[in-house]
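Consider the single chain below, provided in structure tokens and representing the form predicted alone.
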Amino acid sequence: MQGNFSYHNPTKLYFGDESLNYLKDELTHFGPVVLLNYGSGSVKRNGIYDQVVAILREAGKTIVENPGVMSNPTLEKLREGVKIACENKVDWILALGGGSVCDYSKAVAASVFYDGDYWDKFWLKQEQPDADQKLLPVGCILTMAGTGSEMNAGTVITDAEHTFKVGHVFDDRLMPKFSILNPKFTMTVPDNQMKAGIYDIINHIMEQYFSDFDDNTSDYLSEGLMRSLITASRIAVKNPQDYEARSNIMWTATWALNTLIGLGKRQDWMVHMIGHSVGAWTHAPHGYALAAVSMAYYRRAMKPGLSKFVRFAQNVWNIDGNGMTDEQIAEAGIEALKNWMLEIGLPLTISEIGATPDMIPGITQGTICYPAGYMNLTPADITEILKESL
């Protein structure tokens, strides 16, 4: 391990088909007024909402509801949530839903007690809350696997007015205090959301894996997680009710982005930067936007990162490189990734998710570029990647 780092993850996890039973124990640690954030209402239709509300009421909690958190939470919705939290003097926040609801809840938690323009400070300037700023505690009950938001301090918010989507990773004060992960809850989401989540997971791993810091413990962990995900995804796509497959996908999602596998790494998050901008323009599920730009991006990254892509082909996809050049082995690995994406039903182009050529200048403008991985991209490079992804 060549890097220098510290590691602290304060989130407590409850995992399994009986994990919701532990919510009542956690409630003793938090105040009486809870802001319950959830999405468009699927948690009501599938009965999860009723289970959670019953536990909250039995514990004597006052529930302030904030429904309608969308898959790409907007700045307008963030401001609405902050207003609701302030007016009701909530003590803590409970996120009930997928990664977007968890992301959104952390964003509200960071913003409620900031006396200023929180959008400018936290997302545009990428600053952290001051050391003495009060932050609301957050708990998560996860219904979709993908983002890893249940065990990290990341948030992603979209300024719909300016078609700009940006993430911000807060410090560990904003990590959920607890998260409840019941794989059966993930069986309630539509198949397209499951597939989008699967790609989000593998892309999280790849963006930490592809780095010029090679042959370390983090890489071996990443390879194992990718292999597990690939196996489980093939089972889940054929049988979405397979508990073991769904549980392995959910657990892999958590470890893909709880900061562990990125330790000691120089990471590359440019697929996410491009994907965020594509998502802001198309409103496509996050994982679909990532998938749609990945082929063009990774084919471009393969040449400067050749040795790592050879390792990816051999250790993740079992490519037998006997008699092949390094370039051929690396290309075979990219092709194996592509074939797996097709197998599980992911889009390979941005046109499949609604992008049109006239959107490319706006998507390019909305993409944040920074030195990462094997390449330092310019806006012209982003434009070329987008054209290749049409």
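Note that residue numbering begins at 1 and tracks the sequence as displayed. Note that this is a predicted model, so its numbers are computed, not measured.
Below, we turn to the form predicted together with a small molecule, even though it does not appear here.
S.K.: With the partner removed from view, which of 260-268, 137-145, 107-115, 236-244 is the stretch that lies within 4.5 Å of the small molecule in the model of the complex, judged by heavy atom distances?
M.R.: Contact-bearing stretch, as computed: 137-145.
S.K.: Would you classify Leu75 as touching the small molecule in the model of the complex, given a 4.5 Å non-hydrogen atom cut-off?
M.R.: No, Leu75 stays farther than 4.5 Å from the small molecule in the model of the complex.
S.K.: Although the partner isn't part of this model, could you tell me whether Gly154 comes within 4.5 Å of the small molecule in the model of the complex, counting any heavy atom of the residue?
M.R.: Heavy-atom contact with the small molecule at 4.5 Å: present for Gly154.
S.K.: Does Pro176 make contact with the small molecule in the model of the complex, using a 4.5 Å heavy atom cut-off?
M.R.: It does not: once the small molecule is placed as it appears in the model of the complex, Pro176 has no heavy atom within 4.5 Å of it.
S.K.: In the model of the complex, does His272 have a heavy atom within 4.5 Å of the small molecule?
M.R.: His272 belongs to the contact set for the small molecule.
S.K.: Could you work out which of Gln193, Thr254, Thr282, Asn248 is the residue within 4.5 angstroms of the small molecule in the model of the complex, going by heavy atoms?
M.R.: Answer to the contact question: Gln193.
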